[in-house]
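One chain follows as structure tokens, the form predicted on its own.
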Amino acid sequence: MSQEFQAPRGTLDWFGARAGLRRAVLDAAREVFESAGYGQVVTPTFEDTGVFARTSGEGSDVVRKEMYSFTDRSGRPLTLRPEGTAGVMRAYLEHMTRLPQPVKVWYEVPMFRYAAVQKGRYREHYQFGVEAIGSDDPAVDAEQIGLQRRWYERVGVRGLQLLLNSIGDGRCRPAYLQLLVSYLDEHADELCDECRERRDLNPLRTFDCKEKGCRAVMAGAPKITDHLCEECAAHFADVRAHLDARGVAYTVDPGLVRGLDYYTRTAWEWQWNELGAQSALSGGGRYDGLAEQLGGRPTPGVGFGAGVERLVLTLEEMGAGPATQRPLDVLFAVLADDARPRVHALMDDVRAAGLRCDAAYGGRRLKRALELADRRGVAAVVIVGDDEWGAGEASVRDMTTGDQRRVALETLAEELRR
């Protein structure tokens, strides 16, 4: 019989060893960032479409091509979350402006983008993201980058490269964009159709093009780091000083830009080049003008998003095994039918005592139960057959030595815990 339904294109099912590795990656992230005062935030899976259309920019690929948007039964335009920062800023403006500043949060949520499916690129993907809203201190930018390094080291990622840039702000970037557009016009015949379109919509995005001819053109383009205003240059210098003090190695890449319009000043990206076209493990940056785009007061912020699937894939490509899941301590083999309700209730008591246990369900053959215990690496098997049940006892077999002893059911949980 053929499988009638399959997971939608660009989505993944997580189970078994990969699910364990995924959880280990997220557990490490939570521990690292909570040690620095970041707490969890959970925002809706869908928002008013304007939250993303207004902040990401009408010319961005996200808004023009990738959003999953729909109208609900009341005629409201809604969009499944394509990125995390805008929704968190909306929640901040609605609920958190009176909290101690900066407000430091993390999230692990699904993102939805209708994009070309590639290795490490999915239409539903999970991100671990971090935002710090309410401070323009460059130390916060460097703190997030340094914590990311600690996270990646903790889960065993090696050989990463950190790219760093400043893309200026509303004072210095407009003049730079004029220079860039003039340069693009001089080389229009050498650019692909998409880059000529980006020239009108978002000139900075021309640096993202992967076409060989466009990359050659952009290598000679004016560098934004040569045109920063005094304040942006000082901010960028301070970020680098904080990273230098932490011993975080980086490469300044004047061509590194962000794909959304709300970014200002610091931009960074962690890459593992052996992933190929999808080498970026995470992208982050400062967004000091985002709150105003959502109708709030000027409020600085900085954050990043890291794709969980891509990080798991990187670990697998590096040869990392799945996260070791602690095996069961005890398997219950209840062979006497009358004993099943009582002994399964005792199994709950054993779990409450701190032991991991399960049962060999649906069978009355001891041999199969012992084979199952061996396959699952269980340390001990509790056997309750007709003889044990009649005596109010259980047999406990040590799966390492093969030794077996009888234990009263009333003291079973205590005996097993000992």
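Nothing here was measured: the structure is a model prediction, and the numbers come from that model. Throughout, we count residues from 1 along the sequence that is shown.
The form predicted in complex with histidyl-adenosine monophosphate (HAM) exists for this protein as well; it is not shown, and the discussion that follows is about that form.
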item	value
Residue stretch of 105-113, 342-350, 180-188, 207-215 approaching histidyl-adenosine monophosphate (HAM) in the model of the complex, non-hydrogen atom distance within 4.5 Å	105-113
Contact test in the model of the complex: R199 vs histidyl-adenosine monophosphate (HAM), heavy atoms, 4.5 Å	no
Proximity of S166 to histidyl-adenosine monophosphate (HAM) in the model of the complex, heavy atoms at 4.5 Å	no
Close approach of P222 to histidyl-adenosine monophosphate (HAM) in the model of the complex, 4.5 Å, heavy atom	no
F304, heavy atom within 4.5 angstroms of histidyl-adenosine monophosphate (HAM) in the model of the complex	yes
Three-residue site H242, D288 and T299 fully in contact with histidyl-adenosine monophosphate (HAM) in the model of the complex at 4.5 Å by heavy atom	no
Contact assignment for histidyl-adenosine monophosphate (HAM) in the model of the complex, among Y262, Y176, F332, W151, heavy atom within 4.5 Å	Y262
Residues in 119-147 with any heavy atom within 4.5 Å of histidyl-adenosine monophosphate (HAM) in the model of the complex	G120, R121, Y122, H125, Q127, V130, E131
